[in-house]
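Presented below, as C-alpha coordinates, is a lone chain in the form predicted alone.
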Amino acid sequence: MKTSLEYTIPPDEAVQAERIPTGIKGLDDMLGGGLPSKRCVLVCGGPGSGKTIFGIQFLYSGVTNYGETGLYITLDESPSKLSKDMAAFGWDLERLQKDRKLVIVDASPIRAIPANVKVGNFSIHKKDFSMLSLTHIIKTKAQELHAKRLVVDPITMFVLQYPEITERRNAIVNLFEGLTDLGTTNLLMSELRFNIPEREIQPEEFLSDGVLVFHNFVDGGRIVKAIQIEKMRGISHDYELRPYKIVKHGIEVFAREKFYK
(Lines give C-alpha, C1' and ligand atoms only; values in the text may rest on other atoms or scores of the structure.)
Protein backbone atom coordinates (compact mmCIF):
# COMPACT_ATOMS: atom_id res chain seq x y z
CA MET A 1 0.00 0.00 0.00
CA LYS A 2 1.34 3.44 -0.91
CA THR A 3 1.56 6.04 1.82
CA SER A 4 0.76 9.71 1.41
CA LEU A 5 4.49 10.43 1.58
CA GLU A 6 5.30 8.58 -1.64
CA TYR A 7 5.18 10.42 -4.94
CA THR A 8 4.90 8.66 -8.27
CA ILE A 9 4.99 9.57 -11.95
CA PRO A 10 1.49 9.82 -13.46
CA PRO A 11 0.97 7.05 -16.07
CA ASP A 12 0.54 9.47 -18.99
CA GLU A 13 3.76 11.28 -18.05
CA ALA A 14 5.68 8.03 -17.56
CA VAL A 15 4.97 6.87 -21.11
CA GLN A 16 6.62 10.01 -22.50
CA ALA A 17 9.59 10.11 -20.07
CA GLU A 18 12.62 11.65 -21.76
CA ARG A 19 15.83 9.64 -21.45
CA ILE A 20 19.13 11.12 -20.25
CA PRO A 21 22.12 8.99 -21.32
CA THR A 22 24.48 8.15 -18.46
CA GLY A 23 27.54 8.00 -20.71
CA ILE A 24 28.01 4.30 -19.95
CA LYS A 25 26.89 2.46 -23.07
CA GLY A 26 26.15 -0.90 -21.43
CA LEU A 27 24.11 0.72 -18.69
CA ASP A 28 22.23 2.87 -21.18
CA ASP A 29 21.42 -0.32 -23.10
CA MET A 30 19.98 -1.79 -19.89
CA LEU A 31 17.93 1.40 -19.40
CA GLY A 32 16.68 1.51 -22.99
CA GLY A 33 18.53 4.74 -23.70
CA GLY A 34 19.23 6.32 -20.34
CA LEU A 35 17.77 7.52 -17.06
CA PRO A 36 14.32 9.13 -16.97
CA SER A 37 14.79 12.90 -17.11
CA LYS A 38 14.35 15.16 -14.06
CA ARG A 39 14.06 12.32 -11.55
CA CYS A 40 15.86 11.29 -8.36
CA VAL A 41 17.83 8.07 -8.73
CA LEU A 42 19.52 6.41 -5.76
CA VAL A 43 22.89 4.75 -6.45
CA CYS A 44 23.76 2.17 -3.78
CA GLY A 45 27.09 0.45 -3.37
CA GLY A 46 29.81 -0.56 -0.95
CA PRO A 47 33.39 0.77 -0.71
CA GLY A 48 35.26 0.50 -4.00
CA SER A 49 32.16 -0.27 -6.04
CA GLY A 50 32.57 2.83 -8.22
CA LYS A 51 29.75 5.11 -7.05
CA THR A 52 31.87 8.27 -7.18
CA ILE A 53 33.37 7.30 -10.55
CA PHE A 54 29.87 6.72 -11.90
CA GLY A 55 28.67 10.11 -10.63
CA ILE A 56 31.55 11.98 -12.25
CA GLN A 57 31.25 9.95 -15.47
CA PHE A 58 27.57 10.88 -15.64
CA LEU A 59 28.37 14.59 -15.26
CA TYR A 60 31.43 14.53 -17.53
CA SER A 61 29.47 12.84 -20.31
CA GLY A 62 26.71 15.43 -19.96
CA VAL A 63 29.16 18.29 -20.44
CA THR A 64 31.33 16.81 -23.20
CA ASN A 65 28.71 14.90 -25.21
CA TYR A 66 25.52 16.93 -24.72
CA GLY A 67 26.56 20.40 -23.56
CA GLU A 68 24.69 19.95 -20.26
CA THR A 69 26.09 21.71 -17.20
CA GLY A 70 26.67 19.59 -14.10
CA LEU A 71 26.78 20.10 -10.34
CA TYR A 72 28.57 17.73 -7.95
CA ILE A 73 27.93 18.11 -4.22
CA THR A 74 30.62 16.29 -2.24
CA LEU A 75 30.10 15.48 1.42
CA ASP A 76 33.24 13.37 1.85
CA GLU A 77 36.14 14.08 -0.51
CA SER A 78 37.65 17.51 -1.11
CA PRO A 79 37.21 18.93 -4.64
CA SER A 80 41.00 18.96 -5.18
CA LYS A 81 41.41 15.30 -4.25
CA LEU A 82 38.42 14.38 -6.38
CA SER A 83 39.90 16.17 -9.39
CA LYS A 84 43.23 14.38 -8.93
CA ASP A 85 41.58 10.98 -8.57
CA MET A 86 39.40 11.44 -11.64
CA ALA A 87 42.35 12.60 -13.77
CA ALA A 88 43.35 8.91 -13.86
CA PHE A 89 40.41 8.38 -16.25
CA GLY A 90 41.41 11.29 -18.49
CA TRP A 91 38.77 13.63 -17.06
CA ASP A 92 40.03 17.20 -16.67
CA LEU A 93 37.63 18.45 -14.04
CA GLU A 94 39.67 21.56 -13.27
CA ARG A 95 39.29 22.77 -16.85
CA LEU A 96 35.54 22.17 -16.81
CA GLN A 97 35.27 24.04 -13.52
CA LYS A 98 37.18 27.03 -14.94
CA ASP A 99 34.76 27.06 -17.87
CA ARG A 100 31.79 26.86 -15.42
CA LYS A 101 30.49 23.77 -17.16
CA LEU A 102 30.95 21.60 -14.09
CA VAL A 103 30.96 22.84 -10.51
CA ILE A 104 32.12 20.79 -7.53
CA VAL A 105 30.85 22.08 -4.17
CA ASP A 106 32.40 20.93 -0.92
CA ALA A 107 29.47 20.67 1.50
CA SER A 108 31.37 18.61 4.08
CA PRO A 109 31.53 21.49 6.64
CA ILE A 110 27.82 20.89 7.25
CA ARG A 111 28.89 17.81 9.22
CA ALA A 112 30.55 20.07 11.83
CA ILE A 113 27.32 21.88 12.72
CA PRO A 114 26.75 21.78 16.51
CA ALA A 115 24.00 19.69 18.05
CA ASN A 116 21.65 22.67 18.27
CA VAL A 117 21.71 25.89 16.25
CA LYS A 118 20.23 29.18 17.48
CA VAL A 119 18.22 31.17 14.93
CA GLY A 120 16.87 34.24 16.71
CA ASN A 121 14.94 32.99 19.70
CA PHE A 122 14.54 29.54 18.23
CA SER A 123 16.75 26.49 18.58
CA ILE A 124 16.97 24.11 15.61
CA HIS A 125 18.32 20.58 15.97
CA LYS A 126 21.44 19.79 13.95
CA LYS A 127 19.73 17.20 11.75
CA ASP A 128 17.05 19.64 10.62
CA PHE A 129 19.47 22.53 10.17
CA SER A 130 21.96 20.41 8.21
CA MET A 131 19.27 19.15 5.85
CA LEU A 132 18.02 22.71 5.32
CA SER A 133 21.59 23.86 4.70
CA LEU A 134 22.22 21.09 2.19
CA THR A 135 18.98 21.83 0.33
CA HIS A 136 19.80 25.56 0.24
CA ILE A 137 23.32 24.96 -1.12
CA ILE A 138 22.05 22.63 -3.83
CA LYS A 139 19.24 24.96 -4.89
CA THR A 140 21.43 28.08 -4.97
CA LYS A 141 24.29 26.48 -6.92
CA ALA A 142 22.02 24.63 -9.36
CA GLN A 143 20.17 27.82 -10.23
CA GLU A 144 23.40 29.83 -10.60
CA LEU A 145 24.83 27.22 -12.96
CA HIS A 146 21.57 26.42 -14.77
CA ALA A 147 22.53 22.81 -14.05
CA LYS A 148 20.95 19.95 -15.98
CA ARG A 149 22.65 17.10 -14.12
CA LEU A 150 23.26 16.86 -10.38
CA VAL A 151 25.07 14.42 -8.08
CA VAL A 152 25.05 14.33 -4.27
CA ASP A 153 27.74 12.04 -2.83
CA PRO A 154 26.81 10.57 -0.37
CA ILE A 155 23.46 11.22 1.37
CA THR A 156 24.05 8.43 3.91
CA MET A 157 25.20 10.65 6.78
CA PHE A 158 22.04 12.76 6.46
CA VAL A 159 19.45 10.01 6.37
CA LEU A 160 21.10 8.17 9.28
CA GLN A 161 20.48 11.25 11.45
CA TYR A 162 16.82 10.19 11.49
CA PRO A 163 16.55 6.85 13.35
CA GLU A 164 12.78 7.30 13.69
CA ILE A 165 11.21 5.99 10.48
CA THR A 166 8.51 8.66 10.01
CA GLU A 167 10.99 11.50 10.46
CA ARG A 168 13.37 9.83 8.06
CA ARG A 169 10.71 9.37 5.38
CA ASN A 170 9.59 13.00 5.71
CA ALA A 171 13.16 14.27 5.41
CA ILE A 172 13.84 12.12 2.34
CA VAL A 173 10.60 13.16 0.63
CA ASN A 174 11.38 16.83 1.26
CA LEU A 175 14.87 16.41 -0.21
CA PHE A 176 13.64 14.51 -3.27
CA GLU A 177 10.82 16.97 -3.94
CA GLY A 178 13.24 19.90 -3.61
CA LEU A 179 15.57 18.31 -6.18
CA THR A 180 12.72 17.45 -8.54
CA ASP A 181 11.57 21.09 -8.47
CA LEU A 182 15.00 22.13 -9.84
CA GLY A 183 14.35 20.32 -13.12
CA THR A 184 17.70 18.50 -12.89
CA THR A 185 18.34 14.78 -13.38
CA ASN A 186 19.68 13.69 -10.00
CA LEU A 187 21.94 10.91 -8.74
CA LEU A 188 22.14 10.45 -4.97
CA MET A 189 24.88 8.15 -3.72
CA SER A 190 24.16 5.86 -0.78
CA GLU A 191 26.62 3.63 1.05
CA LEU A 192 25.56 -0.01 1.01
CA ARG A 193 26.15 -1.54 4.41
CA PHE A 194 25.11 -5.08 3.58
CA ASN A 195 26.22 -6.16 0.13
CA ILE A 196 23.87 -9.12 -0.30
CA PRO A 197 20.68 -9.56 -2.35
CA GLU A 198 18.70 -10.30 0.82
CA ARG A 199 19.69 -7.02 2.51
CA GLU A 200 17.08 -4.87 4.23
CA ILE A 201 15.61 -2.28 1.87
CA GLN A 202 15.96 1.29 3.17
CA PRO A 203 13.15 3.93 3.06
CA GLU A 204 15.05 6.08 0.55
CA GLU A 205 14.97 3.17 -1.91
CA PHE A 206 11.18 3.02 -1.77
CA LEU A 207 10.83 6.78 -2.14
CA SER A 208 13.29 7.38 -4.99
CA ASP A 209 12.28 7.25 -8.64
CA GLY A 210 14.97 4.69 -9.39
CA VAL A 211 17.54 2.48 -7.69
CA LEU A 212 20.84 1.30 -9.14
CA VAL A 213 22.83 -1.17 -7.03
CA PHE A 214 26.55 -1.75 -7.49
CA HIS A 215 27.46 -5.13 -5.98
CA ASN A 216 30.86 -6.45 -4.93
CA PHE A 217 30.96 -10.24 -4.61
CA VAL A 218 33.87 -12.37 -3.43
CA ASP A 219 34.45 -15.37 -5.69
CA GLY A 220 37.40 -17.67 -5.04
CA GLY A 221 39.34 -14.95 -3.29
CA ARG A 222 38.73 -12.31 -5.97
CA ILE A 223 36.21 -9.49 -6.07
CA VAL A 224 33.76 -9.51 -8.95
CA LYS A 225 31.37 -6.65 -9.67
CA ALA A 226 27.77 -6.62 -10.89
CA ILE A 227 25.18 -3.90 -11.41
CA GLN A 228 21.41 -4.22 -11.14
CA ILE A 229 18.57 -1.83 -11.87
CA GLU A 230 16.26 -2.62 -8.97
CA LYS A 231 13.64 -0.14 -10.17
CA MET A 232 13.25 2.80 -12.53
CA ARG A 233 9.84 4.43 -12.62
CA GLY A 234 8.42 5.43 -15.96
CA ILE A 235 10.59 3.28 -18.23
CA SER A 236 11.10 -0.36 -19.18
CA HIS A 237 14.51 -1.74 -18.22
CA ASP A 238 16.67 -4.80 -17.70
CA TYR A 239 16.28 -6.36 -14.23
CA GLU A 240 19.20 -8.81 -14.51
CA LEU A 241 22.50 -8.64 -12.67
CA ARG A 242 25.12 -7.63 -15.25
CA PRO A 243 28.90 -7.65 -14.80
CA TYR A 244 30.87 -4.43 -14.94
CA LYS A 245 34.47 -3.32 -14.60
CA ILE A 246 36.29 -0.13 -13.69
CA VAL A 247 38.68 0.43 -16.60
CA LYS A 248 40.91 3.26 -17.84
CA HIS A 249 38.00 5.24 -19.29
CA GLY A 250 35.64 4.76 -16.32
CA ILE A 251 32.93 2.18 -15.75
CA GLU A 252 32.13 -0.36 -18.43
CA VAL A 253 28.97 -2.48 -18.17
CA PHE A 254 28.57 -5.71 -20.11
CA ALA A 255 24.85 -5.58 -20.82
CA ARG A 256 24.75 -8.78 -22.91
CA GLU A 257 26.52 -10.97 -20.37
CA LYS A 258 24.88 -12.95 -17.58
CA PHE A 259 26.41 -12.62 -14.14
CA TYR A 260 27.21 -15.85 -12.34
CA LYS A 261 28.58 -15.98 -8.82
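Sequential numbering from 1, following the sequence displayed. Computed from a predicted model, the values in this text were never measured in an experiment.
What comes next is about the form predicted in complex with a small molecule, which does not appear here.
The single contact residue among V224, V63, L207, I53, judged by any heavy atom lying within 4.5 Å of the small molecule in the model of the complex, is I53.
Shown alone here, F89 lies within 4.5 Å of the small molecule in the model of the complex, counting heavy atoms only.
Under a 4.5 angstroms non-hydrogen atom cutoff, the small molecule in the model of the complex has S49 among its neighbouring residues. For the chain shown alone, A17 is not a contact residue for the small molecule in the model of the complex, no non-hydrogen atom being within 4.5 angstroms. In the model of the complex, the small molecule sits within 4.5 Å of a heavy atom belonging to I246. In summary, the region of this chain contacting the small molecule in the model of the complex, judged by heavy atoms within 4.5 Å and restricted to 63-71, 27-35, 231-239, 41-49, corresponds to 41-49.
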